[in-house]
Each structure stands twice: as C-alpha cells, then as structure tokens.
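One protein chain, two forms: both are listed below as structure tokens, the first as structure 1 and the second as structure 2.
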Structure 1
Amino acid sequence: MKLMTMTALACGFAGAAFAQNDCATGKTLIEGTFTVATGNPAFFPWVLDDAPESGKGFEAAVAYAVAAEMGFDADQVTWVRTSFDQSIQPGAKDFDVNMQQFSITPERAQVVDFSTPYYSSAMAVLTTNAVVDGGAEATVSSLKTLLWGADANTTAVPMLMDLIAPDKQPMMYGDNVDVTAAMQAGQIDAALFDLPTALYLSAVVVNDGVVLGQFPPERSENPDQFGMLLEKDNPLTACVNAALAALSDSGKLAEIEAEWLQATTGVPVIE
C-alpha cells in the first residue's frame, strides 16, 4: 500500500510539473520539454519573421498544436536551429522533432524516423503580375486560355493536361530552370509547381513573379508529403503520430493550413 501511495504521489507530482500525456512522458530529450528544430533562417510562410517562438507560420503553428496534444504548454516548447542536410543524416539528434518541409521518402526513412504527413503539397500556378494584369484569374476556365510551359521530363505535362487541359499546346523545356527562364522572357504565361517551390520562385527567382492559385492536394498524383523528422526508432514518433491524427480528425490541422498557406500567402484554392 505504501509503495502504491508513493508511486501515485510521484505520478501526481510529475503530472503537475510536466503535464505531458502518458505517451510522451519520459520520451523527450529533456523531461518536460518538447524540443523542436527549424532552419536557420526559417522562411515564410512556414515560419513568420524567422521567429518560430511566436507560433506564427504554418510549421510553427503545427508544432505548438502537436505539443499541446501531447500535453506540453507553449512555454514547454523549445526551439533549436539546424541545417537541412545535417538533419537527415544518420545518428543522434539534438531535437525531438525537426520541421523544415522534409519530404517523406523511402531512402530517408532508412536512416531517420518520419511522422505521418502533416502536409500534402498542393500544385500551384506560377505566373507574373503582367499576366494577372492582363486578366488571368484563379479559375480553370481562365487558366485554359494561357500559354503554358512545362518540363518535358517530369509528370508536369500529364498533370497540366489533367488539371487544366489548356486550349494551346504547352511549350516543352528540358528542365524547370528553362521553364522559369522562358517565363521571365515572356515566352510563356504560366507553369505548375508544388506550392513551396512556386512560393520560392515567385519571391526569389522570377521577376514580378506571383502565385495565382493552388489546386487542392487531392487533385495531384503522388503529391510531396511533409513529415516531422525524428531520430531513427524514436519512441516519441508514435506519440507525434497520435497527436497529428487527433489534429486531423478534429479539423484543426486543416484550419492551420487554411490560415497560413491560403489566407496569409494570399494564394486562393482553385476549385
């Protein structure tokens, strides 16, 4: 009886001090702390203003939501910075989870753990403000009238024909560098990329670039899926998966995506 009482008291104190749920207890690097890694720097719209502690940005918001599902308060979440390439190497990690738009691949999964997906990448329309000013809209009927370009060596062509079926035959190029160069030269009006790539190209590569709209992920075949990265065979992986499942079932994950990848970026969904 005495032993049971002492055990109960110990559990009670642990619950009061750390508050994580039964699954996560004892499985984090630091007891009572959920350590999350991001890039250095971390970019919009995944993290706003390179400040993940604010909880603003898609991945920052997902991290805090997962932490809450596992019983961690916001002040029990600690952020660290890592490089992308270093994080996917085998070996011990100095974080519990890492979020840097890691695509889940069988090759990577041989040396690290991935959570179940927290995001399936949508296909998005990259164009220029000049094309938008000329009347292009985020509707299939409007997109049909544009002159499209695509990398002939990828699945971009059948995807383009399936999603949009342009009125004019798309221009074919050897790679995506040539596609974006053609857009900058005014040879084509638009091209399809996954949303993260389209956001990057519009902000950094294509002068006057803009992401006109995004298709729902379920409209793409084998879309890239992002997962939280953990150390190989980490017992915490099952707890993270349970938290993500709860967020998906409640609709919270979809709400976070709509807030930070649609409303904040201003990239509407093309129905």
Structure 2
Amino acid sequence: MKLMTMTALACGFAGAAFAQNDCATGKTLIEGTFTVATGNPAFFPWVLDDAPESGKGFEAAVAYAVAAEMGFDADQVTWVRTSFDQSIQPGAKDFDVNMQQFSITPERAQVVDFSTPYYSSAMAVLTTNAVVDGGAEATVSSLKTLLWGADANTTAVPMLMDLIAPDKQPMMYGDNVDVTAAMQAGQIDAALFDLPTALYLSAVVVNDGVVLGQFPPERSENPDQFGMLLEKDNPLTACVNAALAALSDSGKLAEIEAEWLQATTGVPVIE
C-alpha cells in the first residue's frame, strides 16, 4: 500500500512537469482540478474504507494514476459521490469521470461516454457453505436449480439470465448490502457479482460465505468490462483513453491490479 501511494505521488510529480501543454487543459469541470466520482458508499476492494482520497483500493489507485498521467498532482484530484442514477441522468454532471465498476454496454454508451476498459472482470457465484453442502456444484445445470439474487442496477442481471437462466424468477435488490442480507436470511441461495466483489463479500460480509465458481470474462459473449463514465461527447474522454493506454503499455495498470485485486486466482471455473 505504501509503495502504491509513493508511486502515485511520484507519477503526480512527474506529470506536473508537462502539465501545461496537456490534453486535459480546459476540458475539466474546474480548471486545474480532476473531479472523480465514486459510489456512496464505495465498496472494497475498489476503494478501501470508503476513503478514495487515500488512493487505496483498485479504482482509487487507477484514478490517481490516470490523473497523474494527464498532468494532475494528487492534490488536484477531488472526489464526489454519485448514485448510478445520477451518473446517467440528463443534464450537467458534477464530475469529470465516474468510477464505480460501470460495465460498458452499447445501450449505456448511447447516453454517456465510456473510457476504454480499465478492468475486465469475471463474474463469480457467491453462495454459502450451507448451500454447497446441500449439493450445489459449479455447473450450469446445478446452478439453474438455485434461488438467485442480484443487484438490480448491475449487468449481473442479464448475465444471470443469459449464462444460467435460473428455473425460478430471481430476486432483485438495490445494492450489495441488501443482496447479502437476503442471503444471510436464507431467502436466496446464490448471487452473481464481479469476482473481486464476490471474494470480498464471501470473506468478510457473508457468514459462511463462499465463492462457488467464476465465469471467465472470455466465456460470456459480453465480457464485463469496467470503464470510466463521462458525460456524453466529453472531449476529456480522449485524454482519459490516452492516459489509460499509456498506463496499460507501461504495465502500470497491471501493477495496480496485482496490488489490489491479486487474490482473484484459484476460484474454480464454471464449465
């Protein structure tokens, strides 16, 4: 973590040197400030302790790295909170970019701009040991028979229908917290999340929780790729994309991923 902050700071100083002729000049909401939105609350491991200002957590770290690449110092990055609905509503936005595991879809892209993906996620099945003991296996035919839940605001819903097509109508909830409450109450057997979120929930939030298996990103037709969300036709999108491309080429993005999301291996793959 310390290393991360150091690198973010170092990048910030390096970037500041050529900030003047940078792509982002004049394109941000407030001149000289890069405003990043996240969720309220922001969830682990994307943001640690709901404190993105610390630069800790995958998305927080990416935000600072992208900012640095575009020529903003760490102290020129400000954070705001938005819901999903605020990010897609018509009208002026109060952020330059919004990062809260937004999956890039063509329908959403008609309303807002997405950067190139900064992370490709596998979808994973969160369940409890009790359900596994009851005979649930990491196969589609076994998963069909479970009672499913999902966060209604996420692309987990169509994925659930496409990949698993459960026998019973799935339950839908407003956020992760409600999904896990329902799982704890035995009202649902399993839920679909992106893998890092599923691992966190199984380890920390859900008593007796376990990640049964994952659908690797390349298996589904529509890999769940997270992009930064910007206002439609925002000229800043090109700058963000350039910054992400540079981070990807230099291996920096992979480094950040390894630091914050490294525990994503070892989960059985669902055939």
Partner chain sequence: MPTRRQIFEARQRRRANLIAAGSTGAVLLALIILVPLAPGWDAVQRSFFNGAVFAKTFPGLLNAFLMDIAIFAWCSPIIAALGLAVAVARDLRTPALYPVKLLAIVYTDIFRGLPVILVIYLIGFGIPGLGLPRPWNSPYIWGSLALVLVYAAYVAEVIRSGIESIHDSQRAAALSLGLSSSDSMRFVILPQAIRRVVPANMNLFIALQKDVALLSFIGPVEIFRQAGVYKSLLANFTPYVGAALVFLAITIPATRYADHLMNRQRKARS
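It should be emphasised that the depicted structure is a prediction, and the values quoted were computed from it without experimental measurement. One-based numbering along structure 1's sequence throughout. For the two forms, the rigid core is made up of the largest set of C-alpha atoms that agree within 1.5 Å on superposition.
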| task | Specify the structure that is the form predicted in complex with its partner chain; exactly one of the two qualifies. | result | 2
| message | Quick check: residue 96 between structure 1 and structure 2 - does its CA shift reach 2 Å or more after fitting the rigid core? | response | no
| task | Superpose the two forms on their rigid core, then report whether the C-alpha of residue 154 is displaced by 2 angstroms or more between structure 1 and structure 2. | result | yes
| message | Once you overlay the rigid core, does the Cα of residue 165 travel 2 Å or further between structure 1 and structure 2? | response | yes
| remark: Expressed in angstrom, the C-alpha movement of residue 182 between structure 1 and structure 2 on a rigid core superposition is 13.8
